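For reference, the chain that follows is the form predicted on its own, supplied as structure tokens.
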Amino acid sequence: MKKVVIVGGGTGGTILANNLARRLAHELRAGQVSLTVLSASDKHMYQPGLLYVAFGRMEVDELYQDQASLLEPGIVFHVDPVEKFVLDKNHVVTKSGKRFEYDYLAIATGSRAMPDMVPGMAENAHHVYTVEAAAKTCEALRNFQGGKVAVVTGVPHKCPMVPLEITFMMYDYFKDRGLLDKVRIHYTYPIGRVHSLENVAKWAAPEFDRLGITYETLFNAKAVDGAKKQVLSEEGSVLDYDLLVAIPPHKGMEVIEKEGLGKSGFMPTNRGTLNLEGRDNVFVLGDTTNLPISKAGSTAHYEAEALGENLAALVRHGRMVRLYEGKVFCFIEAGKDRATYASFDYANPPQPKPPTKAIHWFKLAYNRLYWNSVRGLL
């Protein structure tokens, strides 16, 4: 029997498991293959929804479904996170002490926001990367009556469009509250343009200019002084604020760091095959990779589809049949009721179009359709 083990029950791990269960349905029924998912939680969270929670446009309970309900029949699911990867002997060891052997291993453990990496950020800034943080951001926005709002971005971070989205959404939020004449929004970004993707930056900067949103590039946060309400940059500048909104720097999961499998918890990954570098039967997808592409749900989705096809072919024929081409698709909320998108891959940069209400409504629809997406039905 061939054994496939997937570590991580987020977007990438769930889509991959369902993809494989359908491709290998005959082998699963015949007992020729086993498919096991190991997760840290029995709940699956729709992480992009946290942005809407921060603006009071989604409830927290809308973000969750039972993980087991999202998985195809034939998939063995355990809430038992992996604590040790014994790659030389083809097995992993979980928190409960159980050992799971594999012929093929896929690691999709995700990433985590690390505001503590910038002294003072955790105590003084608001963000949207946990339920608790999104709820506190919602309260802070609701109570804000005017002053300077500073947006500070750390790298790397997941959801690449969040710095832009939260800025545009705050503009419309304060506009609806009649506070625009009392609010100044100042956006910062750590490289020499307002977004890492050049064409996205070329679209966003004129939008900021049109709305009167000021911005500063080459701003890497060094520390936050809560008493003085200032952000100090590595470049030597000082940014005053009355409300600080951060996109914190991220790391991969702690277990990856602890096991020495990748710098900052991001694993060295082949850009085409998604193999862990140096391992023919270990694969990495989603935020866990160190690939120079966006850490986004769509990235994990497209990687999972490519890897599902390859793993099924490996089980059946002992060879892979395709390469992941770096495909990513990201919606960009450009306010409360307009959106655009960025679609790109390794070879083709994004070409954002003017925002429309139709794309915004499509994005809201996708918030509901996500559950069919992770089931592999979209």
Partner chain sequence: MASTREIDARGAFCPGPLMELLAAIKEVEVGDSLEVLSTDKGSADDIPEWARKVGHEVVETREENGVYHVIIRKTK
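Positions refer to the first chain, counted from 1. Just so you know, these numbers come straight off a predicted model, no measurement behind them.
Below, we turn to the form predicted together with its partner chain, even though it does not appear here.
Stretch 284-292 is the contacting one of 75-83, 132-140, 302-310, 284-292, since its residues have non-hydrogen atoms within 4.5 Å of its partner chain in the predicted complex.
Proximity of G49, V60 and S111 to its partner chain in the predicted complex is absent: no residue of the three has a non-hydrogen atom within 4.5 angstroms. The partner is absent here; in the predicted complex, the one residue of D176, D209, E234, E101 having a heavy atom within 4.5 Å of its partner chain is E234.
None of G260, G192, G97, G278 but one reaches within 4.5 angstroms of its partner chain in the predicted complex through a heavy atom, and that residue is G192.
Its partner chain is not shown here, and in the predicted complex it never comes within 4.5 Å of any heavy atom of Q351.
Its partner chain is not shown here, and in the predicted complex it never comes within 4.5 Å of any heavy atom of V93. Of the heavy atoms in N124, none are within 4.5 Å of its partner chain in the predicted complex.
Using a 4.5 Å cutoff between non-hydrogen atoms, G120 does not count as a contact of its partner chain in the predicted complex. Residues F344, D345, Y346, A347, N348, P349 of 340-356 are found to place at least one heavy atom within 4.5 Å of its partner chain in the predicted complex.
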